[in-house]
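Here's a solo chain for you in structure tokens, the form predicted alone.
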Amino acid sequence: MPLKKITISSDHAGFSLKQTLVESAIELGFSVEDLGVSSDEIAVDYPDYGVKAVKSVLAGDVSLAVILCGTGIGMSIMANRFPEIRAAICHSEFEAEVARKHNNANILCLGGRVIGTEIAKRCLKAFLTTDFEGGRHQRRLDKINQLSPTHTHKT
């Protein structure tokens, strides 16, 4: 069975946590494409790196991605500009699990400056190993999708 592949990217503020999460995802049996940044020495603009992961999901290269910045807020705002993206900022394992189960989130957003390493690893595991439940949750996602004038999403 081939490895499931994810992409991960961060700005400088999420770099250190990103490095840890790459290792954690590999330990969970995932292949990881790291889309940058490659250090925390130079400040960069988070949209430039987050959009790389968004594009990998939109292109169908991966079904799930992880993006990090200082708080996760900027990355989640940027990612949710795209109609087919459901990016969830999570601070707990429970939020990450429910983001997948109930919201079919396809991008996990984390803040390198606001979440501890162990909690982030548990969030990652919950996000990557939980499936969407469908049912009543699909009905709710369909209603959200209808709010967009450029509705093209297929969940």
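Residue indices: 1-based, along the sequence shown. Note that the structure is a prediction, hence the values are computed from the model and not measured.
The protein also exists as the form predicted in complex with a small molecule; that form is not presented, and the subsequent description refers to it.
Exactly one of A96, V54, V66, C69 has a non-hydrogen atom within 4.5 Å of the small molecule in the predicted bound form; which residue is it?
Of the listed residues, the single hit is C69.
Any of the heavy atoms of A13 lying within 4.5 Å of the small molecule in the predicted bound form?
So A13 counts as contacting the small molecule.
Is there a heavy atom of R122 no more than 4.5 Å from a heavy atom of the small molecule in the predicted bound form?
No, R122 sits far enough from the small molecule in the predicted bound form that none of its heavy atoms falls within 4.5 Å.
Might H91 be said to contact the small molecule in the predicted bound form, defining contact as any heavy atom within 4.5 Å?
Contact check for H91: no, nothing within 4.5 Å of the small molecule in the predicted bound form.
State yes or no: in the predicted bound form, is some non-hydrogen atom of Y49 no more than 4.5 angstroms from a non-hydrogen atom of the small molecule?
No, no contact at 4.5 Å.
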